[in-house]
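What follows is one chain in structure tokens, specifically the form predicted on its own.
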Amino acid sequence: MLKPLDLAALIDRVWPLAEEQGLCPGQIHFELVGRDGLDGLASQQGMPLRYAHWSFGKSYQRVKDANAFQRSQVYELVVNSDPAYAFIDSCGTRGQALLIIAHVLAHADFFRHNRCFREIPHDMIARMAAHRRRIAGWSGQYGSQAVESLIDAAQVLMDFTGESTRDAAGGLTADDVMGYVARRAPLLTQWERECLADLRTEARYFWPQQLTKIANEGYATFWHTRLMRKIAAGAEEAWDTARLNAQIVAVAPPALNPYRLGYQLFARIHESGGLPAVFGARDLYDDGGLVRAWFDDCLAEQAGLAVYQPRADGDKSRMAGAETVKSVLQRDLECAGMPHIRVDGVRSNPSHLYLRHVHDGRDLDFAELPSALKLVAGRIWQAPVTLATIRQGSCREMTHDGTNWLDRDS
């Protein structure tokens, strides 16, 4: 098990080399955490002081199950703040810790430079701690059921706070459904509006991370690979480092491995323009932009990506070509894979909320849609909510008033 003095010595080996190569990670507070602690942090998206809610317990169990069945394991978590916080698995070996420290330094550098994070407040740990206290106070004053039901309904909307990383005041753009509802829902009390505003602030903090999963993890993987090749390591450290790196970039179908794809994209950028090009891409791209600019036929094969389609007469394979793979990948990465939902400002009024789904070829999950609209209609808007969408090529309007569900042609 690693001790604080071990960690400090390993940091002293990696940090000067990282700075020599051009990384500027800023100040980072490193902390060793046991695996249960890391799993708990992962269940709360890496933040140590969030409000209490049953969904975090469900997330924790999912993380624990993934570890138990060896589907994934959390080795580190980095909080984008000033200073940044890095939580590292204390049960790892020295070789693993060397790689993880290099990975953390690259994450911190990415957070400081990528355009998507320019408007992110750097005091979110303190803000979330304040939100936790406020929510606990409302639970004591108005009852835990009132607060928990509001959070349940708010979670339906927390991926729809505006697609841009530039944050306008809540509810002023059509794609900020959560902000609009918090402002305009006719029967909400003041504490409920404040609670929704706090939850929206937290959702906005995580939004750039959703947009840059491949870019961020790929950049960190590129740098830990590069730094580990340059560092003087003993045989045991080198073996542990290589084994962990192999696990990180392994193909695991049918899931997309963002570490592998992102690393290969940044390796291609480095081949094209050296480190200046890598730093330029770090500053500029989210996932969609990175794939649009640098994904090609060769990368589709290297990353182990495929799209299967119905076999036409005479075709020997159901695998689509690389252009189709790229097109599907770009579509799936746009807006972090979230549906494009808009407030229909022309139709919405205090007695009825109208939403519009901008269809991109993918239908919504109609098994979950009734319960989602029920939560919003029954707990937040407290009046009918209608969502216009397309289902299997047919224009539909789905309405819920908190009690009854209606699905009709539009």
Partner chain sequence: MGSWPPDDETHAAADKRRQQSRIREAIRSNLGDLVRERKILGSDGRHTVKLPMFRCPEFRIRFGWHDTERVGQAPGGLPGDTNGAACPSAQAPGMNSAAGGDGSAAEDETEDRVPLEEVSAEVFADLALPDLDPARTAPGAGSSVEVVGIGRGGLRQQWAKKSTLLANLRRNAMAGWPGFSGLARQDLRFWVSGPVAAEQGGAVVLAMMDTSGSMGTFEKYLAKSFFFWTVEFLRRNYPQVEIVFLAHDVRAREVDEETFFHRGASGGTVSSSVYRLALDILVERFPADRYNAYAFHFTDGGNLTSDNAIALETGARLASLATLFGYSEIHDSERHPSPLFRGFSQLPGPGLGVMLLHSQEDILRALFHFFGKSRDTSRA
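Numbering follows the first chain given and starts at 1. In this text, all values refer to a predicted model and were calculated from it rather than measured experimentally.
What comes next is about the form predicted together with its partner chain, which does not appear here.
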Can you check 279-287, 100-108, 232-240, 190-198 and let me know which stretch has heavy atoms within 4.5 Å of its partner chain in the model of the complex? 100-108
Within a 4.5 Å heavy atom cut-off, is G304 in contact with its partner chain in the model of the complex? yes
Given that its partner chain is not shown alongside this chain, does A52 nevertheless sit within 4.5 Å of it in the model of the complex, heavy atom to heavy atom? yes
Considering only heavy atoms, tell me if I28 and its partner chain come within 4.5 Å of each other in the model of the complex. no
Determine whether any heavy atom of P254 comes within 4.5 Å of a heavy atom of its partner chain in the model of the complex, and answer yes or no. yes
With the distance limit set at 4.5 angstroms and only heavy atoms considered, check whether Q247, D360 and L369 all reach its partner chain in the model of the complex. yes
